[in-house]
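Coming up is one lone chain in structure tokens, specifically the form predicted alone.
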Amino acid sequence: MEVIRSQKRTASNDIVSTPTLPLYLTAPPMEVRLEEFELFAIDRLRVLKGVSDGLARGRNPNEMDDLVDTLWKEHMRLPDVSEMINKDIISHFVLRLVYCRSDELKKWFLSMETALFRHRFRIKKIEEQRAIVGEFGLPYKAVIGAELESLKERLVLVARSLCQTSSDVENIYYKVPFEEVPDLVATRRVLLQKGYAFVAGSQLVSLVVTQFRSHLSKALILTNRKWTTTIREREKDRLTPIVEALSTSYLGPDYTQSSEYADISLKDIDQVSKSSFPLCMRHLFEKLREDHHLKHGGRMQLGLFLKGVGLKLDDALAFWREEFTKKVGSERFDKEYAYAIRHNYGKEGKRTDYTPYACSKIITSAPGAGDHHGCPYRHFSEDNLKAALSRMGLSSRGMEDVMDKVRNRHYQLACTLTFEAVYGTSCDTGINHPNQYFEESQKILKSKTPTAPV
């Protein structure tokens, strides 16, 4: 797969001959436009993050089937089937390059791609599923004749243990080494005999997914070697910056401009901080009021958030001045801090209009001693986090649900559950940005405020 500069591509030359569910066994011999390299990867990343959120929320297999189908149609579908297959393959191999670079990235990508493959396979028709099995070249033969008859009685017992009737015993079974279907063995959904599991035709998904995961795991190791030995340096001025940025990409609005629900003034800020700030910003705000100072990381995180929720430059200068001058004096504030505030608003230096930090950036920050920025769900101790959640009004049940997600490192979902507990409503999209939390909160609160009579 070769990445080229933007130019019109003739689809007939680059169509990859493959089933509608590719196995990604080898990178295709095709040219990819530079903008497709990034945009296709971003669309697939939206799907994988949706899968991750669904799994973290504990959705059952049928619900995950529906979710995957919806996500795929929303982000990956193209009018032309051949172009859609190409997009599928290109995006997979780009993200394979993105996520091969560390053990943590590999683990996440392997889990999400395997889950995506599992549910895409499950919603295929049985004929398509068998064709995919054939593509893998799995060496399993169907159990037939006398051998199948000799097992019928025990297969009926397995069916009954799964609350099925004897009529549910299928006509096609595959004899497979038991270690290749660990999920079926663990849940006692197969007959075991002499080191083999007898897998029903309807359970083909376990066979294929095991093979898919094994292949992808090995491929990620090989991709990492290529990345570190040749690709990273060779593509340092072109692809490497894109690859390194994609794993932490925020895929939603940038909140550069405040919306109708994000417009606060100095007189409102204390009340709004209690009613609508997410925990990360609420903590920074309280520490600023308490200590009259924040280190650089905290000033950037809180300052850009306040800009995104509609605090004007003059009000921002007044807000920070009021607090900092209680500790450093007016002259030092003007000399050391005022410039940075104007700079964040695009009024100094290169006049860049800086955007508020997304959750992905905040979670991956590394606060040191004396710092208060970062994500409380990741960086607080368990006791401190529980105390903070208690001050936000969470019940013991709600708090335990949040802590369960934190222990499993689902920090954004923990924040989403906090939002749902505080405002008593679901947030199906999940919280991905502090300013999103603020705006969704304001929508709810303003919808409950009676409109004054005209």
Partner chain sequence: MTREEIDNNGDAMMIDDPNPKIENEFNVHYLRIYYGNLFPYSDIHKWLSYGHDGKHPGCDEYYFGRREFSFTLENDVYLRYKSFKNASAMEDAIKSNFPYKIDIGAVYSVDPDKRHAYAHSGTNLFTPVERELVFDIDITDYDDVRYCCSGADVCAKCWPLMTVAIKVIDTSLREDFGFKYILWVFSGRRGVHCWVCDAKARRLTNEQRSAVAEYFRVYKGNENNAKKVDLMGHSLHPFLARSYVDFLKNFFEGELQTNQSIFSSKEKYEKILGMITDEDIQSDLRGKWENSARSSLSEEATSLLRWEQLKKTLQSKKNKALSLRTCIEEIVFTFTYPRIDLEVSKQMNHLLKAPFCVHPKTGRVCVPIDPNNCDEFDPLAVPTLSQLIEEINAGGLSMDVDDDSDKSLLGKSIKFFRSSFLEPLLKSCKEEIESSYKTKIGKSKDTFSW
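All values reported here derive from a predicted model rather than from experimental measurement. The term rigid core refers to the most C-alpha atoms you can superpose between the two forms while keeping them within 1.5 Å. Positions refer to the first chain, counted from 1.
Although it is not shown, the form predicted together with its partner chain is what the next lines describe.
Q: Please tell me whether any heavy atom belonging to D353 falls inside 4.5 Å of a heavy atom of its partner chain, as the geometry stands in the predicted complex.
A: Flag for D353 set to no.
Q: Within 4.5 Å, heavy atoms only: does V190 come near its partner chain in the predicted complex?
A: Yes, V190 is a contact residue.
Q: Quick check on F380: any heavy atom within 4.5 Å of its partner chain in the predicted complex?
A: Looking in the predicted complex, residue contacts with its partner chain do not include F380, since no heavy atom lies within 4.5 Å.
Q: Verify the contact flag for M84: yes if a non-hydrogen atom of it lies within 4.5 Å of a non-hydrogen atom of its partner chain in the predicted complex, no if not.
A: So M84 does not count as contacting its partner chain.
Q: Name the residue from K295, K347, R160, K326 that puts a heavy atom within 4.5 Å of its partner chain in the predicted complex.
A: The option sitting close enough to the partner is R160.
Q: Sort through I126, I221, V185, L266 and report the residue having a heavy atom within 4.5 Å of its partner chain in the predicted complex.
A: Checking each option against its partner chain in the predicted complex, the one that comes within 4.5 Å is V185.
Q: Heavy atoms within 4.5 Å of its partner chain in the predicted complex: which stretch among 103-111, 305-313, 118-126, 190-198?
A: Partner-contacting stretch among the options: 190-198.
Q: Once the core is superposed between this form and the one not shown, does L191 show a C-alpha displacement of at least 2 Å?
A: After core superposition, the C-alpha of L191 moves 2 Å or more between this form and the one not shown.
Q: Once the core is aligned, please say if the CA of L151 is shifted by at least 2 angstroms between this form and the one not shown.
A: Yes; that C-alpha moves by at least 2 Å between this form and the one not shown.
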